[in-house]
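Next up: just one chain, as C-alpha cells, the form predicted alone.
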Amino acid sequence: MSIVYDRVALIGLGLIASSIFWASKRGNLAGEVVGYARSADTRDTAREIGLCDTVYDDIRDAVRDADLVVLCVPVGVMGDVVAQIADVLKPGATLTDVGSVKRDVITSVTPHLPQGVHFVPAHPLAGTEHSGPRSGFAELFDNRWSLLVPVDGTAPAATAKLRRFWEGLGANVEEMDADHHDLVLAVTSHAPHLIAYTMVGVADDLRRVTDSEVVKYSAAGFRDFTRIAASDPTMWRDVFLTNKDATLEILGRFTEELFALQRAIRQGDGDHLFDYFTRTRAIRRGIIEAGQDTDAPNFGRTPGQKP
C-alpha cells in the first residue's frame, strides 16, 4: 500500500503500539512514526530496539505536526492525556485510540478535543498476554478485526482514511456504535477475562491442591485461563471500572447460567448438560470457520510461538 499518513504519533509504547509500528513499516503506511512513553525505561528500550523513527521525552513534542495520533494508554487516563496535548494537535489531524472500552473514552476525551481535530475511536481485537515495547510484532492484526466508533459529526473522510490505515495493518474493519461495542466486548472479552482471573484465583486459594500440582498437572483449559489472567493488570482494572454496566449485565447472565448448570449436575440431568455443551460447541466451530482461530492441537501454536 501507499503511505496513508505522513506522520503518525504513538502515545504509549506497549504491545499494541509496537505492533502498529512494525506493521506500518511492513506496509509502508506512514512517512514517519514517532512515539512517546511515560516511563523513561520504556523510552530507552524503544530506542534500543529501533521502535519508532524518533522517541520523544516530551509528549507534546511527539504529537506536534502529527497527522494521526494513536492513544495506546489505559482507558482510565485517556482524558488526562488528551488534556495535555490538545493545544498542540495539528488542525485537520485525526485522534484515535486502541482502548477496549468506547463510551467512557468518548465521554472523557471529547471535552478536551479542539476544533478542527477529528476523533475516531477504534479498538483492534487483537492481543496477547505479553506487554511492553518488546512484545509487538507486525503480524498481530492480520485477519483480526478492528472496530471503528466515529463520534457524531466526524468527517466521513477521516473515518475512511483511518479504515485504510487499519486495513493496511492487516485488519478487517467494521464500524460500530459505542454502547453496542461495549456490550459486545463485555460478552467476548471483558467477562471471560474476569472469569479467568477468578478461576486462577480459586486454584490459588484451594489449598488442598498444592501449587506444584496446579502447575504440573495443568490441563489445556486451566492453562489457557492462566494465559488470559497474565494480562496487563492496569489495563484490565481500567476496563472493568469504565465498562461497569455492560460487564455486570453479562456477569449476571453468566451467574444464572452457572446456577442452572449446578442444578443439572446436582440432579443428574445429563440431557440438559449434553444439549448445553452441544450448543456451545457449535459456537466454537463458528469461530474456527470465521478464520479467528484454528482447530489444530494447542490452537496451532508451536513451543515459543506468540499466541
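Not measured: the values here are computed from a predicted model. Numbering starts at 1 and follows the sequence shown.
Heads up, the form predicted in complex with a small molecule isn't pictured, but that's what we're talking about next.
Interface residue among Val82, Val149, Ala186, Val98 relative to the small molecule in the predicted bound form, by the heavy atom within 4.5 Å criterion: Val98. Stretch 124-132 is the contacting one of 111-119, 170-178, 124-132, 153-161, since its residues have non-hydrogen atoms within 4.5 Å of the small molecule in the predicted bound form. Ser39 belongs to the set of residues with a heavy atom inside 4.5 Å of the small molecule in the predicted bound form.
Although the partner is absent from this view, Asp232 contacts the small molecule in the predicted bound form, with a non-hydrogen atom inside 4.5 angstroms. Proximity of Val73 to the small molecule in the predicted bound form falls within the 4.5 Å heavy atom cutoff. When contacts are judged by a 4.5 Å heavy atom cut-off, Val77 counts as touching the small molecule in the predicted bound form.
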